[in-house]
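Below you will find one chain, with nothing else, as structure tokens; this is the form predicted on its own, and questions on how it binds or moves follow later.
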């Protein structure tokens, strides 16, 4: 356990939150593997979250936020410090029919796929490009989640943040600096996102959501134990444009390659999946071999899109 959690018992004193020490994290991720967190904390209010963030900052305690676990691999050794889950009702709220240019405010713990469906049901256009992407709203904002049809940034007007020192701030989309699978948001925790959605024809929007979801179901191994696309699409040196990481992996004849219980999906080369009994170490071994073989064949080094937590911080 992280030494500061032992030395600073006041970290959780009087905190409106549930606290579990040495908490298994694997079951909370889509891979279903990985070690424990020193502490898993679920704040019951935004004030409790703010207090916890401030205390962690003041004591130098590592702090991570666990969303839906869809883009995350937890190392078998586990992670140090505090892992926060925004699982209380206040963090799952979605406020519709607000005044101004952004009629929807979605809090960070809200489920993105459910939000896409609900907006389509209400005839609100602007999120259909995210159909079939498993994420919490906070996670989608943090990494600007997206796919072939568009990304999260297209719908964002502003982002509510809790800085690492516990101060709340409102950041415009321009200030957030959205780019491919990246933002320039300050250190801290996303609290909510204001979404600039437009009224449209309900049936047309719903049909578009179904179309995109059906495409993903056909082309991706959505039922497998994976974390979605393992690698970012790299920029092609000759054109300056992004090319498909999945295509490079396919052309390297790596579909079906396996190590231990992990394997490259035969359906989509950019998905690494796990069999029963597989481990996080197996996933990392397959990912490393894929990177090596694609580099040897093309000169392109694939960068991971999936986040890896360990006791050494986030692995590059």
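Small disclaimer: the values here were computed from a predicted structure and weren't measured. Numbering follows the first chain given and starts at 1.
Form predicted in complex with a small molecule: not shown, discussed below.
Stretch-level contact analysis of 250-258, 36-44, 65-73, 282-290 against the small molecule in the model of the complex, using heavy atoms and a 4.5 Å limit, identifies 65-73.
The listed set 134, 200, 166, 103 contains one residue whose heavy atoms approach the small molecule in the model of the complex to within 4.5 Å, identified as 134. 190 is the sole member of 115, 190, 205, 156 with a non-hydrogen atom within 4.5 Å of the small molecule in the model of the complex.
The closest heavy atom approach of residue 181 to the small molecule in the model of the complex falls within 4.5 Å. Within 4.5 Å of any heavy atom of the small molecule in the model of the complex lies no heavy atom of residue 119. Not displayed here, the small molecule is approached by residue 228 to within 4.5 Å at the level of heavy atoms in the model of the complex. At the 4.5 Å threshold, heavy atoms of residue 138 reach the small molecule in the model of the complex.
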